[in-house]
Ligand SMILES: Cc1cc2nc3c(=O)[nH]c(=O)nc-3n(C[C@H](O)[C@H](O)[C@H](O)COP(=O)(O)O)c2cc1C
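Coming up is one lone chain in structure tokens, specifically the form predicted on its own.
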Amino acid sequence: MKMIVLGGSPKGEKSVTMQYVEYLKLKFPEVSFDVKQPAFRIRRLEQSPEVFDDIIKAVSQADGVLWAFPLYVHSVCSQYHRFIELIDEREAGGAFAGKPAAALSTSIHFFDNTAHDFIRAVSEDLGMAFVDSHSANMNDLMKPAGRRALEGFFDTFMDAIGNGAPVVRIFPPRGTATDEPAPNPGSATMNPEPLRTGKRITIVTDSTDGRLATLINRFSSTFEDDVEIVDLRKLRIAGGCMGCLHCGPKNVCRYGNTDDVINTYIEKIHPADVFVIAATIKRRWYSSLMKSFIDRGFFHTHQPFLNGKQVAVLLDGDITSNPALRDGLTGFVEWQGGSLNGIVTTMSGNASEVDAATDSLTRRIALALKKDYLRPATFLGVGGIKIFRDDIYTRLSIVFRGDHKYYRKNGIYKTLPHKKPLRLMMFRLIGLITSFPPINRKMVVNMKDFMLMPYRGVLKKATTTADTSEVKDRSSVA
């Protein structure tokens, strides 16, 4: 049986993921593994069609395809995204059609679900028979249970190949752009007068042409404030994140000032009150150019850099068929401390509907700025920060010393249960008291009232009549 492994790490063979692949090679000697490293060699693949064609030929000759990758900011790395874009651009999808596929990742389970959903959706778009995903914690290979799970995953994959895995979709087909002209600024009624916020607004985009440019223009034109647009195509970007962890101790990127990325974050995004991502959807995610810029933001490591910022997303493409992308974008903004006001796409409706949705988004942003309103994070943001809190408090503090200092200084560790001994003691005491049968029976019978007790004081202090001036104030944000 021939198995091609498509490596998704910019570190190539020296990645943690490849150690899992090496283990599979040792445990399954009957399988012929052909390991390719498209993410590691992405520049070569772009410059040399022959090198790209060698990988595609190996795919066409394989009995199965294993996508093997680490996680990079809610998905795979930008270099892997670029390889997937090249499959489209060079019309090489035919080599993948009908092939059984599976995905293997290594991480600490931070948005592994969106990365695996992305790879599965890409596989389905290529007409592949996707079998299974295996998300391994980085140190699972050192544990007997982790090794058994890895072997079980690969056994399942081989069995499916041998018995003819069916092509079954779980994601809807990709939406395609309509032939309708791009939304035209002024095609819908503009706000009576430009919104004035007195705040700094920065848009980072991977394109200032076509449909996305029109969407950006509509958004910008509703503000009286100066809106700064950063066109990534005009920046010097030396490459995507290398995963070298040079930034771990002091948040200093190995690229340094060899290109414009770090200075753009520091000078354009950090001071902004409103941060807007404007991107083109390609193969189920935003473009590899935008992904490269987002990945390079990892010089912050696991320290939120959007704290207190109002955030919006403008997309050229379809979001309705891309649930993983929606979750990835929402999770990224929330765990970075930002307040996501909404996502508008060029396919949110006809031209007038897109304009109306954009105007509504800008008004929400203006009102949020005026009222200093920040949306509370959902599970996507809360769960994300707790994953890093727990691991950086222990094993990851060895590498990410900068994170460890930041978390300690900013009180993130204070949310650890053992950091509040008096609070824990109080809960234990209440638990002991309510465990006595007579008290417990009374509590169970009156559980609804029991749960509402803490809220009574707050409601008692709340103003019972609305302030008419405040009601009037809410009616306008201009």
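Since we're looking at a predicted model, the values are computed, not measured. Quick note: we count residues from 1 along the sequence shown, nothing fancier.
Keep in mind the form predicted together with the ligand is missing from the figure; the text below concerns it.
Notebook entry, point to check: Heavy atoms within 4.5 Å of the ligand in the predicted bound form: does Cys241 have any?
Noted result: So Cys241 counts as contacting the ligand.
Next item on the list: Look up in the predicted bound form whether Leu245 has a non-hydrogen atom within 4.5 angstroms of the ligand, and give yes or no.
Entry: Flag for Leu245 set to yes.
Item checked: 4.5 Å heavy atom contact, Val73 and the ligand in the predicted bound form -> Val73 belongs to the contact set for the ligand.
Checklist line | Partner proximity in the predicted bound form: Lys11 to the ligand, non-hydrogen atom cutoff 4.5 Å | finding: Answer yes; at least one heavy atom of Lys11 falls within 4.5 Å of the ligand in the predicted bound form.
Note to self: Using a 4.5 Å heavy atom cut-off, which of 86 to 94, 126 to 134, 104 to 112, 341 to 349 contacts the ligand in the predicted bound form?
What the structure shows: Stretch 104 to 112 is the one.
Notebook entry, point to check: Of the options Ile269, Ile262, Ala368, Met138, which one has a non-hydrogen atom that comes within 4.5 Å of the ligand in the predicted bound form?
Noted result: Contact residue from the list: Met138.
Margin query: Under a 4.5 angstroms heavy atom criterion, identify the one residue in Phe305, Phe298, Tyr393, Tyr406 near the ligand in the predicted bound form.
Written below: Contact residue from the list: Phe298.
Checklist line | the ligand in the predicted bound form - contacting residues of 317 to 350, heavy atom within 4.5 Å | finding: Heavy-atom contacts within 4.5 Å come from no residue here.
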